[in-house]
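Single chain ahead, written as structure tokens, the form predicted on its own.
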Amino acid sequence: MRVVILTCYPEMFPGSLGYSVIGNALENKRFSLEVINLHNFGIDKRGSVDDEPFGGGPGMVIRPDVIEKALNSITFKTDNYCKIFLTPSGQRLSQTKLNNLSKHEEMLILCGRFEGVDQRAIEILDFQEISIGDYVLSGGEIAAQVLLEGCIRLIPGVLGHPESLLEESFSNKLLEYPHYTKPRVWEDKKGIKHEVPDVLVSGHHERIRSWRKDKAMKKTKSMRPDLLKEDL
């Protein structure tokens, strides 16, 4: 996958995308990352990209002509691409959405800043509006890294154990079952001993699968009952 980022702060990349399995995928060219500075397409010698909002109000808005010039500098190499603008008012990101996005060969992400982006740029230049949650950040850079990590790990060959994708939270509308590792008996600082559930060390694979399914269902009903009702 080829990823192109439009941002006012290019130094924020690759950020978290340079570490662990995603960092390995970048180094091994499972995906490429091109970061474009919006200030290079500013309207004056200072590289200004924003202006005051019509109608008044606080903050500044990124201009549509700046975004258009930046977009025109990019040549997509295939027809299988998407353009994304990250905003709290966008469509909520879900695992299903990540699965769909991961199938694109090219992805362009516009990272907003200040009070936002001129709506004409979003509509006329055909950006998908996506939100990573019902909260507000100072810009779209961290949100872009969240979305990209979710997508990149779904690319075949990125994860060392791809079968783990089948049992993750949201993969089947359930939260993931709890995990345990060594020591089998853990004594906390109060001297209380906590043991791993016996079924997990029984070696009985069918019982283990049944236990995990039951725990996933109970956890989902307790913490996210909405998942059992909606289409992710």
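Values in this document were obtained by computation on a predicted structure and should not be read as measured data. Residues carry their position along the shown sequence, with the first being 1.
If you look for the form predicted in complex with a small molecule, you will not find it shown, but the lines that follow are about it.
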Exercise. Of these, Leu137, Ile74, Cys82, Leu159, which has a heavy atom no more than 4.5 Å from the small molecule in the predicted complex?
Worked result: Leu137
Exercise. Of the listed stretches (138 to 146, 151 to 159, 100 to 108, 115 to 123), which one has a non-hydrogen atom within 4.5 Å of the small molecule in the predicted complex?
Worked result: 138 to 146
Exercise. Is the gap between Thr96 and the small molecule in the predicted complex 4.5 Å or less for some heavy atom pair?
Worked result: no
Exercise. Might Gln128 be said to contact the small molecule in the predicted complex, defining contact as any heavy atom within 4.5 Å?
Worked result: no
